[in-house]
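Only one chain comes next, encoded as structure tokens, the form predicted alone.
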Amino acid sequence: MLITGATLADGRVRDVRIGDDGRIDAVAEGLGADAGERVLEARGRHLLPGAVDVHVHFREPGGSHKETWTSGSKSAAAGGVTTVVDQPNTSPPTVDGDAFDGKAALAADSLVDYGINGGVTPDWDPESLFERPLFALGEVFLADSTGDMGIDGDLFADALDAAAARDVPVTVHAEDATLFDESALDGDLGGSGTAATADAWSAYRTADAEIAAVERALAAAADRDARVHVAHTSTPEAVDAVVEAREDGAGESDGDGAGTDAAPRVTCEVTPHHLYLSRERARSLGTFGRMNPPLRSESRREALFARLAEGDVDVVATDHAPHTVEEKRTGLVDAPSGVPGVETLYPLLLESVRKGELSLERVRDVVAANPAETFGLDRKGRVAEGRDADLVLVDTADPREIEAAALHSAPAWTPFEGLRGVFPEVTLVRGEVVYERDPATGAASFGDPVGRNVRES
């Protein structure tokens, strides 16, 4: 394929040639079409690297009524995500070699490339797990969430030691359950749409519980020289703790995805729901806005977004965690935590670019270049010669309203209903078209499952 006249994230207008091996052969001006090449005219549109979403829950095995690798990867492709990393809290949990193999067989249905993380429980089997093509260790839960995989400090230390010995990164879900405020759950919390419900969950899983757990996790990692990635930081204070850890010598990142000799030792991610939603929005979401860690105050949301714009946040990942409408409609105590989001990652951030809140290069870095660098994916994350042709074509001047009915995740709901986003027209994985949308009619089509394990390819 030859893509002509595309505007890259840095503003250069270039042609991009894709070879038979699915890699980018050339990024240059004035490339002529070879015989048999498909030519994709991209004039007036941006060509971006496919997003690397390092935090999804595609629910298989054990939760296919919530999501499958087929439905989840279609949603990813439609949102411009070309690599996903699945977390271990499935049923069975991915804590040994056999469980990894079972999940890998299901992942063969993926339209996009993928990684599979391994989990930690008291009965995990690190020897068989590390024999597999593991993406990372984690999400290591320092407090219970979906799947009840919370572990204590001693087991966390053991997991860090095991990962550090193999130079495998560890993704940490950092909350301290001893700092949860049980009194916030007193009273009638059975409904799904009340303001009391929305505020109660945020008051229960306190900001202090996250901040304290992040600080302890970073200290434990520094003692062992382990590579740690802090998942879904919901507070600016937690981001600041990561920045301070880097400044203290726990790890350095160049911050712009340009590439370094070694992956950074300490990084953090934030999610779109913590960037764009707050407790004010949660009052209308009710239990559909319940997630771990929960939504924070509007002032904290604004400060977190400022950290993103200023360059302190390494990665934006979705924590895509779908549940059915029926499950979320139960009362606060019974409703599961988590929201879908893989399809709206790029669109929400690109709308912030359109509104002048973020630069396009910053968005490229946090969704593609930085996660690829952080986790050692040398062929992902950039539009450059020799990289995989994981590419997204978008018209950044053409936003549309986010509607659950137009999305492709199985649960058919979104916490971002009514917000605006800039959605892809074409998504390619290693040069293969996996998603294409007609801008005039909105009609969408999907390609075949071409996903590969990024630790094997």
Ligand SMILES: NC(=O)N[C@@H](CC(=O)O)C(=O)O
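Being a predicted model, the structure only gives us computed values, none of them experimental. Each residue number is its position in the shown sequence, starting from 1.
What comes next is about the form predicted together with the named molecule, which is not displayed.
My question is simply whether Asn89 lines the interface with the named molecule in the model of the complex - judged by any non-hydrogen atom within 4.5 Å.
Flag for Asn89 set to yes.
Would His173 count as a contact of the named molecule in the model of the complex, using a 4.5 angstroms cut-off between non-hydrogen atoms?
Result yes; His173 sits at the interface with the named molecule in the model of the complex.
Would you check, heavy atoms only and a 4.5 Å threshold, whether Gly286 touches the named molecule in the model of the complex?
Contact with the named molecule, no.
Can you tell me if Thr121 lies within 4.5 angstroms of the named molecule in the model of the complex, counting non-hydrogen atoms only?
No, Thr121 sits far enough from the named molecule in the model of the complex that none of its heavy atoms falls within 4.5 Å.
The named molecule in the model of the complex: contacting segment from 351-359, 113-121, 317-325, 130-138, heavy atom within 4.5 Å:
Contact-bearing stretch, as computed: 317-325.
Whether Ser75, Thr344 and His408 jointly form a contact site for the named molecule in the model of the complex is the question; each needs a heavy atom within 4.5 Å.
The answer is no; none of Ser75, Thr344 and His408 reaches the named molecule.
Scan His232, His229, Lys103, Arg382 and let me know which has any heavy atom within 4.5 Å of the named molecule in the model of the complex.
Selected option: His232.
Name the residue from Ser278, Thr206, Asn292, Ser71 that puts a heavy atom within 4.5 Å of the named molecule in the model of the complex.
Selected residue: Asn292.
Does any residue in 361-379 get within 4.5 Å of the named molecule in the model of the complex, counting heavy atoms only, and if so which ones?
Residues within 4.5 Å: none.
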